[in-house]
Ligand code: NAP
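One chain is shown next in structure tokens, namely the form predicted alone.
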Amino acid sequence: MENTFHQNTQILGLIGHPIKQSYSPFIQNVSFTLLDMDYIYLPFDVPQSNLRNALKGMLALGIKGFNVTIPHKESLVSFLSTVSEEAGIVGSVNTVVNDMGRLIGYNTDVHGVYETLAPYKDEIAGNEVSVIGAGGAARAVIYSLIRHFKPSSINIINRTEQRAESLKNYFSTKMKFGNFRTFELFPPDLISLLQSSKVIINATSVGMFPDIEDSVINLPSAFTKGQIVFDMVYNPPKTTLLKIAEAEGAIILNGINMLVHQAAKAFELWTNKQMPIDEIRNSLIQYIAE
């Protein structure tokens, strides 16, 4: 068997705990193969207690960059030399570039959200949006909505209204956006609240494999024809939530586009090259289905 790796091979990676469910190694390594690039992307399982030492090791080994997943997206920030504007405001990092020993943090989830919703920019502007969830994914969504899409108002719906209120207060201060409403899942007027929303975004992991029968909303009457429903879950590609919404005439968007576009932005930051997005998307869909 031919050895395709040698001393000049550039190493990239992923740190998190656990990481076995991640599709990032598949996406990045297939990209390198398609473009005939001398890179390899490796997953590193790093518990929280080992984060500082892992970053020292990354620098010592000359690893060119890495992605960051749970539970390190927020705690990692304090170890970096600097962060991009969007990462600073969102408060979390999912991509790091090693710039000659300086670790620079980015949040490419914001780019993934933007690219997924961009075809509907005119429809979103001036309209109401409901975001379900108040974690890191919701932060990237809210930043992207305010920065790029100009909705009239944003509803934050979460299991605990206190966390939704915290997110509201944070972005009201950071981005000077005052048109928030917060609700506990599920409010008595959930159906009317969602019906009045031009866009509904699920920023939770509810419905993710293996719990594919679950849905954060099980009420068909909550959806309307022409409404845009974006589920950030990517496995399965069509979640129970999207099936319910589609049956009511909604436009549905799954998490695969976001996953690929955020990965493509990281790929560009590391290599200064464009990822073959269409080929990667098709390969990923096939890979998930296997």
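For every residue, the number given is its place in the sequence shown, counted from 1. Predicted, not measured: the structure shown is a model, and the values here were computed from it.
The next section is about a form of this same protein that is not shown, the form predicted together with this ligand.
Out of the listed residues Gly135, Pro71, Gly126, Gly88, Gly135 is the one that sits within 4.5 Å of this ligand in the predicted complex by at least one heavy atom.
Among Val46, Leu242, Met232, Ala264, the residue placing a heavy atom within 4.5 Å of this ligand in the predicted complex is Met232.
This ligand is not drawn, but in the predicted complex it has no heavy atom within 4.5 Å of Ile200. At the 4.5 Å threshold, heavy atoms of Thr160 reach this ligand in the predicted complex.
Though the partner is left out of this view, Thr95 does not reach within 4.5 Å of this ligand in the predicted complex, counting heavy atoms only. Contact between Val77 and this ligand in the predicted complex is not found at the 4.5 Å heavy atom cutoff. Only one segment in the set 36 to 44, 254 to 262, 218 to 226, 59 to 67 has any non-hydrogen atom within 4.5 angstroms of this ligand in the predicted complex, and it is 254 to 262. In the predicted complex, Ala203, Thr204, Ser205, Val206, Met208 are the residues of 197 to 211 with at least one heavy atom within 4.5 Å of this ligand, listed from first to last.
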